[in-house]
Ligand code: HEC
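Presented below, as structure tokens, is a lone chain in the form predicted on its own.
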Amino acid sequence: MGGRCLPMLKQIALMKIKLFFLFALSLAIWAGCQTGPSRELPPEEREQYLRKGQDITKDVAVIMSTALTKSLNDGGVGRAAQYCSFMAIPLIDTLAVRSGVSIRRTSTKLRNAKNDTPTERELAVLNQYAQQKAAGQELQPIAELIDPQTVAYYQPILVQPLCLNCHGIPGETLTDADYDVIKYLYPQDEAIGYNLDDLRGIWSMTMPRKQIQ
């Protein structure tokens, strides 16, 4: 009896081993499918989108800086803060339409949460830049695929002297009187406490991939 059972037990053991390997293979294939498509662009194409993104954000920054300076001169921090959070949006949208892209600003410290809350990917980019900044690394713009037809572009926004008028340290680079105005306009404001050259946020842009070929 024992002699007849031994081959059968060996067959059962082999079947269990095969089933285990089939299960492991299926799991590996499933995990691979969950990774999703690569965000990588071909090097030459990536450089093209980086140049285009930098050109557009440069144009936007120059126009916004000019308008913001005028707002400060005309109505002080109260007017400038409103411009930066509300009146700048139509301007950015106009420039974006003209360039055939979508562009916005976002940060981990928000002044206008209604318009500026980061997406999951934007938050990951913000955290990446923050870690690189803390490590003393130079922050570089990013161009990557969202899908085969769409490219995302991210560029860090560093605090400039003009920014300190509305985003500086209360009692130091941001006067108490100006901070009172900001708190009145934005009771939930978090966008203060910055020093010169701090990471303020990012430009986040999407471009149709067919635009550059």
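From 1 onward, residues are counted along the sequence shown. Remember, it's a predicted structure, so these values are computed and weren't measured experimentally.
Below, we refer to the form predicted together with this ligand, which is not included among the displayed structures.
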Could you tell me if T66 has a non-hydrogen atom within 4.5 Å of this ligand in the model of the complex?
-> no
Does this ligand get within 4.5 angstroms of any non-hydrogen atom of L158 in the model of the complex?
-> yes
Using 4.5 Å between non-hydrogen atoms, is N115 touching this ligand in the model of the complex?
-> yes
With a 4.5 Å heavy atom cut-off, would you call L162 a contact of this ligand in the model of the complex?
-> yes
Contact assignment for this ligand in the model of the complex, among I103, V125, L139, L72, heavy atom within 4.5 Å = L72
For this chain shown on its own, do R46, Y154 and M205 all sit within 4.5 Å of this ligand in the model of the complex, going by heavy atoms?
-> no
Note that this ligand is not shown here; using its position in the model of the complex, name the residues of 180-207 with a heavy atom within 4.5 Å of it, in sequence order.
-> Y186, A191, R200
